[in-house]
Structures are given as C-alpha cells and as structure tokens.
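Below are two forms of the same protein chain, given as structure tokens: structure 1, then structure 2.
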Structure 1
Amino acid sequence: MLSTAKRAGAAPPPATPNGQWSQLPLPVRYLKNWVRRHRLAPYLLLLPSAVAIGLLLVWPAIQLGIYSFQDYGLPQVTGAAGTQWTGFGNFSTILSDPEFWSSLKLSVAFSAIVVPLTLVVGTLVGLLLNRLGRRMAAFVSTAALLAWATPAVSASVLFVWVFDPDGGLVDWVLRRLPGWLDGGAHWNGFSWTNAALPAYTVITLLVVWQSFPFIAVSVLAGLKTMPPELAESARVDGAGPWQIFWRITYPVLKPIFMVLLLLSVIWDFGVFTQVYVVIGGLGNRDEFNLGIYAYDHAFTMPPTYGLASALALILTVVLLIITVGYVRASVRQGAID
C-alpha cells in the first residue's frame, strides 16, 4: 500500500512485491484482496479498540441509563420478580432521601475547598520550581511526582496511620505542642475518622498532597514555554510579582489552567478511593460523599441497582455539564481549533 489516502485502496499496488503474495495460501490471498477492494483495512484495525471501548465503557454506561429508569434490585437479579419500568421513580426516591443531600453537600463542599487549594498550592510550587536551579528543581519535582504516582490506597492507609488515635504521629505531635498552639492532653486518643469534619480534613490533606504535584509540574512546563523577556520587560516597567502573575503569566498560561481546573473538578468531585479507605468502608453513613453513597446502594445488601444507576447517571451528567461548559468556553476563546 502506498502512503496517500487516495491510493490506499487501489489493488495491487506496485510497491508490494507480488512474489511474496503468491506464496500465501489461496483463502488468505482472497481475503486480503477482498479487504483491499472494499477498503476495509482502517475498520479492521480500528475494530478491536472500538469493540473494547464499546463493551467495557459504552455498554455499561448504556445499561446504567436503562437501570436508572427501572425497578432493579435483588428480586430482579435472582429472577424472583421481573423488571419494571418505573419512569423517574428512582430519581424522586433519591431526591427525597436526606442522605443524598448530605452526601451531595459533602461532595460539593469538598470540591469547593480542595480544587482551589490544589490549584493555588500547585501553582505556587510550580512558580517556585521555575526559580530553582536545574538540579534542585529536578529533585523537588521528582519527589512531588512520585507522590502523585503512588497508589491512592498506599497514600490513604499511610494517612490513616499518621492520624491514628493510638499510635499516630499527628496526635503524638499535638499532645506535645505548647498550649498556645492548642497542644495538650486533650489530643490524647483524638479520633480523626469518627466524624465528617475531621475525616474530611484528613482526606483534604491527603488529596491535596497527592494531586498538587501534577498541577505544579504542568504549570512549570507551561512556564518553561514562556519567553522570559515578557516578565523581564514588565519588571523593568515596575510591575511587582503579583502584577506580573495576573497580567502576564496567568493570561498566557490560561489554557493550561483551564484544563487543570477541569481535571481537578472531575477528579475531586468523583473521589472514591481516598474517602473509602479513610472513613473505613461503608460504616459511617454521615461521612458518605456522592461516590460512596452510590456505591453503597449498589453493593450493600440488599442491592438497589436501579437507585445506584440513577445516582451514577446524575454524577456523570453533572461532570458532562461541567465539561461541555468548559469546552464551549474554550472554543469561544479560540483555545481549541
């Protein structure tokens, strides 16, 4: 086959040594010619990935959509009762469940705190890395990125241990702090995971610790592409670092910041692993976020797949709206061609 699309399907192309072909068994040759004649090569090459994506992502998603309008629970799984279409029944059940609202509130509040925190800390560290010498910058960014690549479960169990009421480092340090820093014996055996607020404090630290390295290194990569003359000429004109950042760095790197914002929202809104490990599974219902709440509906006996699917659908639609809004905004700004 030759390299231009127009000639791709032309049979038999001169560049192919035909001698090789005649040695193939007849059915194979016939098949090859048939593929060529109908220009099927692209579709044959795409077929495996299309099938894989279809079976592993699209089909489960479609099923979610179907279940969320059905009364699908344990009786339907065992075959004791048939499935029934219930319209928006699952959704109204969810919307009238106070646990849904409390878990939604936790998810929203968590994202509202963690996303800006991650972006600010990440950007500051990115700016810092840009000021460092090459070797120090490489050392710090490698250390930071390793935290990012660490399995979320490893990082989570580590934080659970560091905040452990009996042997954890944090309570040990807090007990020894002077009184004016709120140190003292009242930290003796203080449990960080028994109530939502301390538990999510731990989760916030954990998620920020694991996710700001990626922001920092992305911002650093963006800073490296900026011509240094830009900031230099602004400095000559008397601009301070604060002004240089908001008037020059931020506008130039805005596309990167937008992508990082979007990714952070998607990651933090749907966070599951860290929350699951820190709150210790599905025991404490008042510490559920949206992801855990949906998971609990599907996998705690008796399972209510219909409700869980409706929740998953809500989660996906929220993220879809955010993404579409972001893409439309960036198309309007001409950031994406």
Structure 2
Amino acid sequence: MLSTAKRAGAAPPPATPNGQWSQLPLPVRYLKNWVRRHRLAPYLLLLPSAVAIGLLLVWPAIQLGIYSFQDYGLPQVTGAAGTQWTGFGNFSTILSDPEFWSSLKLSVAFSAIVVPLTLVVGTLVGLLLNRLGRRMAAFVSTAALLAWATPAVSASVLFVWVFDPDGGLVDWVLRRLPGWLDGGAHWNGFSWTNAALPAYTVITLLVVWQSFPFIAVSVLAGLKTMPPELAESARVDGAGPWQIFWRITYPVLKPIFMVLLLLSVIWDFGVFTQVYVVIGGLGNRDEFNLGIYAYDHAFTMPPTYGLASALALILTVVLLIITVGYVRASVRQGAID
C-alpha cells in the first residue's frame, strides 16, 4: 500500500538523456553520433571563424597568386580585353628592375634601424612602468597608449606639421640652438622630405613613437608574471640593474621578446601609410620603400595589377623565409617550446 501510494503521488521521473536522444529525428541522431565518435565538436565550433578567414584572407590570396601570372590591368577588369597569361614574366620584370632593389635596400635598412629602436625604447618604458607607483604608472601607460591608438594618418600629418620648413617647430628649435650643437640659420626653411635620409629620419621617429607603447605594455605584462624574489635575491647578492636584466629578466621574458621582434619586423618591413604621407605621395622615387613601390604599380595610371600581385607574393615569400628561419632558430635556442 505504502509503495503504491508513493508511486501514485510522486512526480514522473525526468526524461533521461537516452529518452531525449530517442525523440530526435534519425538523421540528427546519426549526425550527432558521428560527430561524437570522431570528436569533431571543437572543429565545428571553429568552423564559422575558419569560413570568415577563408573569405577575407585565403580567397584574396588565391586571387593574388592567379593575377601574378597574368597581364592584368584595367582592360581585364572592365572586360575590354581578355586574360593574358604571362607565366613568370611579372616576376622577372620585377627582379630585373633596379628600382625594386633600391626599394628593397631601403626597406631592409629602415627595418634594421627602427626595429631595435622600438624594442629598446619599449623595453625601457616597460621597466619604468614596473617601478612606478600605481597612479603614475597608470598616467604614463595611458599617455603612451594614446600614441599607439592614434591613427597612422593623423600621426603622420602631425609629424609633417612639426617638421614643416615653413614655420615648423623642429626648424624653429634648431635655428635657436648654439653653434656647438649645429644650430643656426642654416636650418631656416630646411626641408625634411627632399632626400631619403632626412625623410626617413622623420619616419623613423614617427614609427618608433607609435610602436613603442605596444612593446612597453607587453614587457610590463611579462614583468608582472615574474616572481619578485628573483630580482630581490640577485640584488642582495650584489647584482646591479644591468646584471639583473641580462641574467634574470631577459632569460625569463625571452619568448616575449622573440615574438615582439618578429612582429616588429613584419610590421615595419613594408610600412606604407607613414611613408606615403611624409614624403608627400609618389614624388621622389629615391624615397620609395617596398610598400610605396607596390602602390605605385597597383594604383597609378595605367595600373598593372599583375606586377603588383607578383610583388606582393615576393614580399610574402621574403617574410615567410624570415619568419620560418627565426622560429626555427628560436626553437633551437629553447626560447619557444
């Protein structure tokens, strides 16, 4: 009697997973069982992002590769002329162009100067932020991040105004410096864009000013993960700041520095916006780096999209070689697991 009453007054048991499974349509049950058996759930979650990346990056890269083997320009875009396959003609044209090699040398020299400067300045600012108090560190980091968040066009226009030969702040200051600091009237109306050296001096300052906050914040984040006992014990043993950095801080943060170095090389090798604004477009061809050289072929009249696509592939291969060689060297040194 008691067991019967309990069975009569009790609520119906909840549906079991097997019961819910049996209520699904047969194709859905088969699909879920197949996904579970092959452990494909994580890949299905990544599928929307993979499709977006494919549409935005992979397919344009495939089109770029196809155009690099064609004589592709406005007649082909408008349909006025048919597609003409040139094989490796675009690549041979670029590699035989002296302007390409001068642009490549300028890009390599620019990267060789800007990348170390950015890493050194960013590391010093990161070390400074780690030693400051909370309020002062927040103020300095906010001021630095404002430079990093400034759009490249706005920052470039600001530097062009500062270095303007007609009333610019830099020429005004240089005219008033004493003679032993190379100041004087010869700076009156000095143009910073009439040659590659002064123009890329301005571009170097601009790129370093915009890039060092990212390095500083990354280094600061790495410093926050270090146990403070390491530096304290080294300080007790008589080590100075330079020895603490090279013997303790740098080995611990070496993976971070490796990644920052690689990213800086990729970003600075083909910089375009800052160079285009500072040199004033396509006027002086002696100031062309690879980014401006590719833009000149792709968007000046008549545009040669095939040559520009071949140049983009060459740049991609160069950066891939640098990246692969760098990663392999880092793995051998133990900086990257």
Partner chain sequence: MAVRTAAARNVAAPAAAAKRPSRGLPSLKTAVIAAAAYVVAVIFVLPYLEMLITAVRPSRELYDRDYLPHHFAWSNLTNMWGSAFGILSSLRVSIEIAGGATVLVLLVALPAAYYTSRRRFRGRAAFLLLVLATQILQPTALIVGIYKEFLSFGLLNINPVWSLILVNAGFNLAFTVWILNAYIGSIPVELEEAAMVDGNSRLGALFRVTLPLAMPGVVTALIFTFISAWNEFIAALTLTTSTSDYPLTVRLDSFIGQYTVDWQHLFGASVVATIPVFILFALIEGRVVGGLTAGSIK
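Between two forms, the rigid core is defined as the largest C-alpha subset superposing within 1.5 Å. By convention here, residues take numbers in order along the sequence of structure 1, the first being 1. No experiment lies behind these values; they were computed from the predicted model shown.
Remark: the form predicted in complex with its partner chain is the source of structure 1; structure 2 originates elsewhere. A movement of the C-alpha atom of W34 reaching 2 angstroms or beyond is seen between structure 1 and structure 2 when the two forms are aligned on their rigid core. Shown in the overlay between structure 1 and structure 2, fitted on the rigid core, is a CA shift at G65 smaller than 2 Å. Comparing the forms between structure 1 and structure 2, the C-alpha position of L44 differs by 2 angstroms or more, with the core used for superposition.
Superposed on the core, the two forms differ at V324, whose C-alpha moves 2.8 Å between structure 1 and structure 2.
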